[in-house]
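In C-alpha cells, one chain follows: the form predicted alone.
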C-alpha cells in the first residue's frame, strides 16, 4: 500500500492521529530543551557530521581494523552480503549451539532482515525484550518508530493485550503496574534463554568493541545470562576511535528522547568467561547507497528518531503508513535508495519544511536528499500517472507568466463558488482542510497599484 492510502486509513481515527501528533511533539520539545542546555551543541553536531563523513569515505579501512581488533579480543566476525545471508549465519550459530530460546534486544537491522519470522519458522522461540518491541511483537505488527516502537499504541490497548497474553488484571491501565508485569514475564524468559542477540549502536574500530544503548538494561541481561551473544551490525555503525564515542553518546539520547544520556550505555569488548561472542556485519544494499553521491550521507544516521519526532507528516500519519521498515524522513530516503519502485511514494510524504535537517544530530541534509529522490523517481517514470500528469500541467503553468496569470484569476473566481462544488468527493485535499479566503486581486496587481500610487 502506498503512503497516501495508508495515511488516509490512519488519520480516519482523528483522535488517535491528534494524540500521536501531540505525543511526538512533546518529545521534540524535550530535545530542544536539552540541545539548548549545551552551549557546544552545534560544535558537537559539526564534529559528528565530519566523523561520519570521514568514516563513509574510509569504511573499508575501518571495518578491517575493527575485524582485526575484535578478533584479538576473542570476538568472531561474520560478513553478510544481504538479509538472507545474515539470517542464515544467525541460524547456523543458534543451531550449532542447540538454541531453542533466544532473547533479543531492540535491533532495527534484524527488523530490516525479517529475522524473527525466519527463526520462528525453524523452531526457535524469539522474544523481543525491549518493552516497546515486546508490545508490537505480541500485537503481531512491526514497530512504528525506531526508538519508541509502540508509540502508536494507547495504554488501554496495552492493558487489554497484557490481560490476554499475560493474564494481568483486566482494565488496569496504570503504567507502573503494566511495566512491572512485563518485567516479571520477561525475567522468566531471560532465565530460560539459550542465547542473546543485540543490535549495535556503535562499533569502535580502534578497540574492536561494540556499544549498545538501552534505557531498560535488557541488552545487558540478555547477554549476561546465556553463554552465546550474537550482535547484528550494519556496516555503517563503525566509528574510528574511542574518543569519537563521547561525541555521539552526548548527541544520541538528547536527540532521541530528550535525556542527558541513555540509561545503559554498555561496551562489549569480548565474550563472557566460558562463552562466545559473534558479530555479524551486514551490507544489505549499503554499498549501493554509498555509490550514490546525493544519498550517501544518509548512512551517517545514528537512528535517534529526531527527524520523525519533528516531521509534520510522520506525526500525523503514523509510522505504519510508511512501506519501509524505517519510517519518517530517513526511511523515505533509505527505502527508495534500495527499491525506488516499491517505495516510490515515500519521498513525496514530505512538505520539504527542512525541520528534519535542522534537528538531525549528524547534520544529514534530509530535505535536500528527499527532493533529489523525487527527481530520481520521476526520471525513472515510477510515479503514478495521476501525479505525472498533475506535475506536467503544473510545470507548464508555472513556466508561463500568461498561463499563471490566467490560472490565478480562474482560481480566485472558482473559490467563490458554493462550498459543495469545491469540497466534495473529488477533492481529496479538501477533505481535511479549508482553503483561505481568496484575495480580490493578485499580488502582482496589488504591487502595480502600489507602484502607481508611489509614482514609480
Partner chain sequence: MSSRDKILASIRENQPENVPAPAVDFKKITFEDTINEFSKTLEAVGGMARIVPRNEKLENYYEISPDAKVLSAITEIENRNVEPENIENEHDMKDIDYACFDVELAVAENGSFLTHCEDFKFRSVYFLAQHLIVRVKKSKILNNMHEAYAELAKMKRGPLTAFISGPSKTTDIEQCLVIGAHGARSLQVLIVED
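Numbering follows the first chain given and starts at 1. This is a predicted model, so every value here is computed, not measured.
The form predicted together with its partner chain exists for this protein as well; it is not shown, and the discussion that follows is about that form.
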query: Selected contact from 347, 149, 335, 234, since only one has a non-hydrogen atom within 4.5 angstroms of its partner chain in the predicted complex; finding: 149
query: In the predicted complex, the residue from 138, 124, 371, 225 that sits within 4.5 Å of its partner chain by heavy atoms; finding: 225
query: Heavy atom of each of 13, 365 and 381 within 4.5 Å of its partner chain in the predicted complex; finding: no
query: Proximity to its partner chain in the predicted complex (heavy atom, within 4.5 Å), stretch among 211-219, 112-120, 310-318, 353-361; finding: 211-219
query: Exercise: residue 51 in contact with its partner chain in the predicted complex, heavy atom 4.5 Å; finding: yes
query: Any non-hydrogen atom of residue 324 within 4.5 angstroms of its partner chain in the predicted complex; finding: no
query: Partner proximity in the predicted complex: residue 443 to its partner chain, non-hydrogen atom cutoff 4.5 Å; finding: no
query: Residue contact check: residue 132 to its partner chain in the predicted complex, 4.5 Å heavy atom; finding: yes
query: Sequence-ordered list of residues in 56-85 near its partner chain in the predicted complex, where near means a heavy atom within 4.5 Å; finding: 56, 57, 58, 59, 60, 63, 64, 67, 79, 80, 81, 85
